[in-house]
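Taking the form predicted alone, here's one chain by itself in structure tokens.
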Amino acid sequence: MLNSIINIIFIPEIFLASTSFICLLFGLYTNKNSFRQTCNFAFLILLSTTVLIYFNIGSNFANYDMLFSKSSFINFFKILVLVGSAASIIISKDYFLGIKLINFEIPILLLFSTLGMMLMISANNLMSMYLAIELQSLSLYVAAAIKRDSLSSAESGVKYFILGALSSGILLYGFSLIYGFTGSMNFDEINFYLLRYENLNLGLIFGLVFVMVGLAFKVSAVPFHMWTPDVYEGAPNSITAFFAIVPKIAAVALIYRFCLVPFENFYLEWSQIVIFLSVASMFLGAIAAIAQSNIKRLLAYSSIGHIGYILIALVAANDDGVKASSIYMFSYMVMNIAIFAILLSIKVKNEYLVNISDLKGLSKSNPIVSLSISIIMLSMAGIPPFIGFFGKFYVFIAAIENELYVLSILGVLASVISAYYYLRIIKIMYFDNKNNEEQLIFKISFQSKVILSLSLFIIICFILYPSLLINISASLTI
């Protein structure tokens, strides 16, 4: 009996949920430095949960296949989510203190959002999938509008809430159609039911389309991306960092599992939707970012473009596609952690960096910082020998293996276009002059410096030992 209770406690999701409530009580009854201490507690919770998943502790207690599933793919993406969440809390802590936004509830919201993402990744049932999405989304709605004295933050929270509610309604309608025509909400049972048919009937096609539209909102794929630039711009920089680093990982894992588990035998039906989302996202993300002057809006369109490349690997629908998506999401996470660790540490005229033009002349006043940004930008553009190149390389290899030559060519063209705005940032830092260089201040905490240094090391040195991640990703199964 005692062993059973211990096993239940150490199931990663139950451990994260219970310790998040303890963290809430800890913050509530801590009178001094409650925000700082709650952030540190939240970081330890995320680190402990990562250890539980890595060592597979608590995963053999019971069979959760009716609601949740277990696989190497699921565990890999859960670890990415937990690492991304822990890093975003650490790099954001000083920013929150700097703008005097020290509500201890902020790390609690991020913990519950992370819990929702973990449940999303492992969801094996339409109902558990929806509840997990809502747990993640409700926490992020509040987080986006957490700066209550800021009109832009409130506006971003309202926009995100309204469009999120719309996408949830669309998602639920799709679920109802799928349930109505298959008689089941379990992914495996839906797959088994559909084995008897060569073609989907019209009702199931509509259900599939509605669900794909709802999931496209969550990954901010074009044309369901409209919330992303506004929310990125309006939310506090630290919340934007969390948005950029973590939720995309969980949403990508979910859309992969939804397409490749219940509807794996109906590739033609969903692949056409994904191809459109992929091409539209790559080109809109590449072209719209060119005109941006706000660095957060630029990174928002950049993330939309990255989603387009990820969806190419989904269209490939083979083992190489799963491997490519894992490598790409790892590189995406590392690059975003690095760039936001820097952006959250730069002040211009006692205000945190907002406009790209504020980076003028940075190479003269802070050569190491400008070099770091340049490396990250080159990696995001997919230029070798940095890690971003490998992400795109394996995506295109997966597409070519499945004879998706046109899609691969379009991906390369979009990548060339997007290189312009990444290189423009480097040009601004190195070749544009700034009249008042002394007003740009770079101040970073020791913890953030460690995370930034580690991220840059991975970005630069991945080429020296790529087989470690490649071998792990090659062994992943949905």
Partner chain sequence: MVIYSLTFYLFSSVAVLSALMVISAKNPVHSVLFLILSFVNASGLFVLLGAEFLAMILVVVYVGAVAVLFLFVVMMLDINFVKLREGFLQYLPFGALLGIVLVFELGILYLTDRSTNIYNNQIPLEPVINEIENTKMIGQILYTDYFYLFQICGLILLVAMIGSITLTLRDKGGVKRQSIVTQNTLEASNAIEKKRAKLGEGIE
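Numbering follows the first chain given and starts at 1. Since we're looking at a predicted model, the values are computed, not measured.
The protein also exists as the form predicted in complex with its partner chain; that form is not presented, and the subsequent description refers to it.
Shown alone, this chain has one stretch from 101-109, 297-305, 330-338, 230-238 that lies within 4.5 Å of its partner chain in the predicted complex by heavy atoms: 101-109.
When its partner chain is considered in the predicted complex, residue 44 lies well away from it, no heavy atom lying within 4.5 Å. Among heavy atoms of residue 274, none comes within 4.5 Å of its partner chain in the predicted complex. Put simply, residue 24 is close to its partner chain in the predicted complex: some heavy atom of it is within 4.5 Å.
Residue contact check for residue 115: one or more of its heavy atoms lie within 4.5 Å of its partner chain in the predicted complex. When contacts are defined as a non-hydrogen atom within 4.5 Å, none of 215, 449 and 454 contacts its partner chain in the predicted complex. Site annotation in the predicted complex: the residue of 444, 425, 67, 414 reaching within 4.5 Å of its partner chain with a heavy atom is 67.
The contact with its partner chain in the predicted complex, taken as any heavy atom within 4.5 Å, belongs to 145 out of 286, 178, 145, 222. Heavy atoms closer than or equal to 4.5 Å to its partner chain in the predicted complex belong, across 305-327, to no residue whatsoever.
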